[in-house]
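Here we start with a single chain on its own, the form predicted on its own, put down as C-alpha coordinates.
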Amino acid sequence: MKENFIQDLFSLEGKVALVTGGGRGIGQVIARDLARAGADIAIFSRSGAAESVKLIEGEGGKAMDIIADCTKEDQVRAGIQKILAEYGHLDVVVNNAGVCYHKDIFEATVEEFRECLDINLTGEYIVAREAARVMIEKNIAGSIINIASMSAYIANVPQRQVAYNASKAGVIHMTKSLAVELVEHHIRVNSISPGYVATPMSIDPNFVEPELLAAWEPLFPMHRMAKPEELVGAIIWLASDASHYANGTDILIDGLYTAV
(Lines give C-alpha, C1' and ligand atoms only; values in the text may rest on other atoms or scores of the structure.)
Protein backbone atom coordinates (compact mmCIF):
# COMPACT_ATOMS: atom_id res chain seq x y z
CA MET A 1 0.00 0.00 0.00
CA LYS A 2 1.32 3.42 -0.89
CA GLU A 3 2.48 5.18 2.28
CA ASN A 4 1.28 8.65 1.25
CA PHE A 5 -2.01 7.62 -0.36
CA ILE A 6 -4.28 9.70 1.89
CA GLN A 7 -1.94 12.68 1.85
CA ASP A 8 -1.71 12.61 -1.92
CA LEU A 9 -5.46 12.08 -2.36
CA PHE A 10 -6.38 15.26 -0.49
CA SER A 11 -3.27 17.32 -1.23
CA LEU A 12 -3.68 20.87 -2.51
CA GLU A 13 -0.01 21.22 -3.43
CA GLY A 14 0.38 23.41 -6.50
CA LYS A 15 -3.11 24.89 -6.18
CA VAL A 16 -4.02 28.52 -5.52
CA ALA A 17 -7.09 29.13 -3.36
CA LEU A 18 -9.07 32.32 -2.88
CA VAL A 19 -11.03 32.68 0.37
CA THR A 20 -13.45 35.57 0.70
CA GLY A 21 -14.10 36.97 4.16
CA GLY A 22 -10.90 35.30 5.31
CA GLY A 23 -9.81 37.94 7.77
CA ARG A 24 -11.46 36.39 10.81
CA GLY A 25 -13.75 33.65 12.10
CA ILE A 26 -14.61 30.74 9.84
CA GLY A 27 -12.86 32.29 6.85
CA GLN A 28 -9.58 32.60 8.72
CA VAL A 29 -9.69 28.96 9.75
CA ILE A 30 -10.52 27.87 6.20
CA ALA A 31 -7.66 29.91 4.76
CA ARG A 32 -5.17 28.58 7.32
CA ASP A 33 -6.15 24.94 6.81
CA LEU A 34 -6.19 25.15 3.01
CA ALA A 35 -2.63 26.43 3.32
CA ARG A 36 -1.79 23.51 5.63
CA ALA A 37 -3.09 21.21 2.87
CA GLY A 38 -0.59 22.77 0.49
CA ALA A 39 -2.43 25.60 -1.29
CA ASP A 40 -1.12 29.11 -1.80
CA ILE A 41 -3.75 31.47 -0.40
CA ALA A 42 -5.33 34.77 -1.41
CA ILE A 43 -7.83 36.45 0.89
CA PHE A 44 -10.50 38.98 -0.06
CA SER A 45 -11.81 41.15 2.76
CA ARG A 46 -13.15 44.64 3.18
CA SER A 47 -11.05 45.48 6.24
CA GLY A 48 -7.83 43.54 5.72
CA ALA A 49 -6.58 40.09 6.66
CA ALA A 50 -3.09 40.77 8.01
CA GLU A 51 -3.62 38.45 10.99
CA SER A 52 -4.64 35.55 8.74
CA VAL A 53 -1.64 36.09 6.47
CA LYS A 54 0.67 36.17 9.50
CA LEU A 55 -0.78 32.88 10.78
CA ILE A 56 -0.29 31.19 7.41
CA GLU A 57 3.19 32.52 6.81
CA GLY A 58 4.17 31.63 10.37
CA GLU A 59 3.45 27.99 9.49
CA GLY A 60 5.49 28.14 6.30
CA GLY A 61 2.64 28.83 3.88
CA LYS A 62 2.11 31.56 1.32
CA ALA A 63 -0.73 34.07 1.54
CA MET A 64 -1.70 37.47 0.24
CA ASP A 65 -4.17 40.00 1.62
CA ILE A 66 -6.36 41.82 -0.91
CA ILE A 67 -8.81 44.54 0.04
CA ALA A 68 -11.93 43.82 -2.02
CA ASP A 69 -15.67 44.18 -1.55
CA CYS A 70 -17.19 41.10 -3.14
CA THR A 71 -20.32 43.01 -4.14
CA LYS A 72 -18.24 45.34 -6.35
CA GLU A 73 -17.44 43.84 -9.75
CA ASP A 74 -14.48 46.12 -10.41
CA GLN A 75 -12.88 45.31 -7.06
CA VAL A 76 -13.34 41.57 -7.57
CA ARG A 77 -11.83 41.73 -11.07
CA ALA A 78 -8.89 43.81 -9.82
CA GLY A 79 -8.35 41.42 -6.92
CA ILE A 80 -8.27 38.39 -9.17
CA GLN A 81 -5.74 40.12 -11.41
CA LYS A 82 -3.54 40.61 -8.34
CA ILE A 83 -3.80 36.88 -7.65
CA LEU A 84 -2.74 36.09 -11.21
CA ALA A 85 0.14 38.55 -11.01
CA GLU A 86 1.39 36.93 -7.80
CA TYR A 87 0.62 33.24 -8.35
CA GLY A 88 -0.11 32.89 -12.07
CA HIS A 89 -3.36 30.92 -11.74
CA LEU A 90 -6.45 30.31 -9.62
CA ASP A 91 -7.75 26.80 -8.88
CA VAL A 92 -10.06 27.02 -5.88
CA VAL A 93 -12.56 29.59 -4.61
CA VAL A 94 -14.24 29.48 -1.21
CA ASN A 95 -17.07 32.02 -1.14
CA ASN A 96 -17.29 32.65 2.59
CA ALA A 97 -18.05 36.37 3.03
CA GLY A 98 -21.47 36.93 4.58
CA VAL A 99 -23.67 38.91 6.92
CA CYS A 100 -26.72 38.18 9.08
CA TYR A 101 -29.37 40.39 10.68
CA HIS A 102 -31.51 39.04 13.51
CA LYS A 103 -34.56 41.07 12.54
CA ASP A 104 -38.07 40.04 11.57
CA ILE A 105 -40.03 41.19 8.55
CA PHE A 106 -41.21 44.36 10.30
CA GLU A 107 -37.90 45.26 11.95
CA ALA A 108 -35.58 44.76 8.99
CA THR A 109 -35.55 47.59 6.50
CA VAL A 110 -35.72 46.92 2.79
CA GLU A 111 -32.17 48.29 2.59
CA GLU A 112 -30.98 45.69 5.13
CA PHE A 113 -32.79 42.93 3.25
CA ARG A 114 -31.12 44.00 0.02
CA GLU A 115 -27.72 44.27 1.71
CA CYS A 116 -28.02 40.73 3.05
CA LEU A 117 -28.90 39.38 -0.38
CA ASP A 118 -26.20 41.49 -2.01
CA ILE A 119 -23.39 40.24 0.23
CA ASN A 120 -24.50 36.63 0.77
CA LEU A 121 -25.83 35.83 -2.70
CA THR A 122 -24.84 38.41 -5.30
CA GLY A 123 -21.31 38.68 -3.91
CA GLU A 124 -20.83 34.92 -4.24
CA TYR A 125 -22.19 35.09 -7.79
CA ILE A 126 -19.77 37.86 -8.79
CA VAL A 127 -16.73 36.10 -7.33
CA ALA A 128 -17.74 32.76 -8.88
CA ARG A 129 -18.30 34.36 -12.28
CA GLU A 130 -15.02 36.27 -12.37
CA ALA A 131 -13.05 33.29 -11.07
CA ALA A 132 -14.69 31.04 -13.67
CA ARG A 133 -13.65 33.45 -16.44
CA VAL A 134 -10.02 33.04 -15.42
CA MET A 135 -10.30 29.27 -15.01
CA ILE A 136 -11.77 28.96 -18.51
CA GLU A 137 -9.14 31.25 -20.05
CA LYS A 138 -6.35 29.22 -18.47
CA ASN A 139 -8.01 25.83 -19.01
CA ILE A 140 -8.12 25.11 -15.28
CA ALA A 141 -10.42 22.39 -13.94
CA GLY A 142 -11.29 24.50 -10.92
CA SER A 143 -13.44 24.05 -7.83
CA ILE A 144 -15.79 26.74 -6.53
CA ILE A 145 -17.15 26.17 -3.03
CA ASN A 146 -19.97 28.37 -1.80
CA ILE A 147 -20.81 28.71 1.88
CA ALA A 148 -24.55 28.33 2.35
CA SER A 149 -26.19 27.46 5.69
CA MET A 150 -28.59 25.07 7.37
CA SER A 151 -30.78 28.18 7.43
CA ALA A 152 -31.45 27.48 3.76
CA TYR A 153 -33.48 24.49 4.95
CA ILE A 154 -35.18 25.82 8.08
CA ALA A 155 -36.58 28.97 9.65
CA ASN A 156 -34.38 29.47 12.70
CA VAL A 157 -35.86 30.00 16.16
CA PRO A 158 -36.26 31.98 18.30
CA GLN A 159 -34.53 34.71 16.26
CA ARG A 160 -36.07 36.06 13.09
CA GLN A 161 -33.73 36.34 10.10
CA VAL A 162 -35.76 36.08 6.93
CA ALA A 163 -33.22 37.94 4.80
CA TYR A 164 -30.38 35.62 5.80
CA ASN A 165 -32.45 32.47 5.33
CA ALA A 166 -33.63 33.58 1.89
CA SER A 167 -30.11 34.50 0.80
CA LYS A 168 -28.68 31.13 1.84
CA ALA A 169 -31.46 29.20 0.13
CA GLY A 170 -30.55 31.18 -2.96
CA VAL A 171 -26.90 30.16 -2.58
CA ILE A 172 -27.77 26.46 -2.76
CA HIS A 173 -29.86 26.76 -5.92
CA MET A 174 -27.35 29.15 -7.48
CA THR A 175 -24.68 26.54 -6.78
CA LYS A 176 -26.61 23.86 -8.66
CA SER A 177 -27.31 26.23 -11.55
CA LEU A 178 -23.69 27.36 -11.83
CA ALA A 179 -22.55 23.75 -11.73
CA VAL A 180 -24.75 22.93 -14.72
CA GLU A 181 -23.51 25.97 -16.66
CA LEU A 182 -19.82 25.40 -15.94
CA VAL A 183 -19.56 21.62 -16.15
CA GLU A 184 -18.61 21.74 -19.84
CA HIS A 185 -15.57 23.77 -18.79
CA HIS A 186 -14.59 21.14 -16.18
CA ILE A 187 -15.28 23.58 -13.33
CA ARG A 188 -17.11 22.09 -10.35
CA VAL A 189 -19.39 24.15 -8.10
CA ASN A 190 -20.53 22.84 -4.72
CA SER A 191 -21.60 24.24 -1.38
CA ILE A 192 -21.54 23.42 2.30
CA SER A 193 -24.25 24.31 4.78
CA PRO A 194 -22.94 24.74 8.33
CA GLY A 195 -25.12 24.82 11.38
CA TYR A 196 -24.28 27.06 14.32
CA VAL A 197 -20.52 27.54 14.52
CA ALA A 198 -18.67 28.80 17.59
CA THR A 199 -17.09 32.03 16.39
CA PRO A 200 -17.17 35.44 18.09
CA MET A 201 -20.13 36.40 15.89
CA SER A 202 -22.21 33.59 17.40
CA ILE A 203 -20.96 33.26 20.99
CA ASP A 204 -19.61 36.68 22.00
CA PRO A 205 -22.23 38.70 23.94
CA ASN A 206 -20.90 41.80 22.18
CA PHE A 207 -22.25 40.39 18.91
CA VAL A 208 -25.19 38.17 19.90
CA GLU A 209 -27.79 38.59 22.62
CA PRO A 210 -27.24 36.34 25.69
CA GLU A 211 -30.94 35.43 25.51
CA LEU A 212 -30.36 33.88 22.09
CA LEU A 213 -27.40 31.87 23.31
CA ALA A 214 -29.51 30.51 26.17
CA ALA A 215 -32.37 29.67 23.79
CA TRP A 216 -30.11 27.87 21.30
CA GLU A 217 -28.27 25.68 23.79
CA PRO A 218 -31.01 23.04 24.39
CA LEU A 219 -31.64 22.77 20.63
CA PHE A 220 -28.27 21.23 19.76
CA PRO A 221 -28.57 17.42 19.41
CA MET A 222 -24.81 17.17 19.94
CA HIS A 223 -25.05 19.60 22.87
CA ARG A 224 -22.66 22.13 21.36
CA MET A 225 -21.96 24.31 18.35
CA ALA A 226 -19.49 23.24 15.69
CA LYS A 227 -15.89 24.32 15.84
CA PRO A 228 -14.79 26.15 12.66
CA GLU A 229 -12.17 23.46 12.12
CA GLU A 230 -14.93 20.86 11.79
CA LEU A 231 -16.02 22.39 8.48
CA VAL A 232 -12.63 22.25 6.83
CA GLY A 233 -12.49 18.53 6.05
CA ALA A 234 -15.42 18.86 3.65
CA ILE A 235 -13.92 21.97 2.08
CA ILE A 236 -10.53 20.32 1.54
CA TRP A 237 -12.28 17.32 -0.03
CA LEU A 238 -14.26 19.56 -2.39
CA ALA A 239 -11.14 21.56 -3.24
CA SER A 240 -9.02 18.47 -3.91
CA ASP A 241 -8.92 16.04 -6.80
CA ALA A 242 -10.51 13.44 -4.51
CA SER A 243 -13.95 14.95 -5.21
CA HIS A 244 -13.80 14.95 -9.02
CA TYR A 245 -17.33 13.55 -9.38
CA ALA A 246 -18.95 15.80 -6.77
CA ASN A 247 -20.72 18.63 -8.57
CA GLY A 248 -23.75 20.76 -7.80
CA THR A 249 -24.14 19.25 -4.35
CA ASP A 250 -24.63 20.75 -0.90
CA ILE A 251 -23.06 19.18 2.18
CA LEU A 252 -25.04 19.78 5.37
CA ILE A 253 -22.77 20.01 8.43
CA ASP A 254 -25.13 20.87 11.26
CA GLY A 255 -24.62 18.27 13.99
CA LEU A 256 -28.12 16.82 13.37
CA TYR A 257 -29.80 20.18 14.02
CA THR A 258 -32.16 19.94 11.03
CA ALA A 259 -32.77 16.21 11.50
CA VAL A 260 -34.75 16.44 14.74
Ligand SMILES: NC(=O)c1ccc[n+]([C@@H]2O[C@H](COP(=O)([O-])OP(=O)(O)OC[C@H]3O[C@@H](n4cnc5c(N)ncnc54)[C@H](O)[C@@H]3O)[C@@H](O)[C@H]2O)c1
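Residues carry their position along the shown sequence, with the first being 1. The shown structure was predicted, so the numbers you read here are calculated from the model rather than taken from an experiment.
Omitted from view is the form predicted in complex with the named molecule, to which the following refers.
#### Entry: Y87, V134 and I144 all contacting the named molecule in the predicted complex, non-hydrogen atom within 4.5 Å
Spot residues vs the named molecule: no contact at all.
### Message
My question is simply whether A68 lines the interface with the named molecule in the predicted complex - judged by any non-hydrogen atom within 4.5 Å.
### Response
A68 belongs to the contact set for the named molecule.
### Query
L117 near the named molecule in the predicted complex, any heavy atom under 4.5 Å?
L117: no, not in contact with the named molecule in the predicted complex.
### Task
Could you confirm whether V99 comes within 4.5 Å of the named molecule in the predicted complex, counting heavy atoms only?
So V99 counts as contacting the named molecule.
### 4.5 Å heavy atom contact, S149 and the named molecule in the predicted complex
Yes, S149 is a contact residue.
### Task
Name the stretch: of 106-114, 136-144, 172-180, 89-97, exactly one has residues whose heavy atoms fall within 4.5 Å of the named molecule in the predicted complex.
Partner-contacting stretch among the options: 89-97.
#### Entry: Interface residues of 173-203 toward the named molecule, as seen in the predicted complex [heavy atoms, 4.5 Å]
Sequence-ordered list: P194, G195, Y196, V197, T199, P200, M201, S202.
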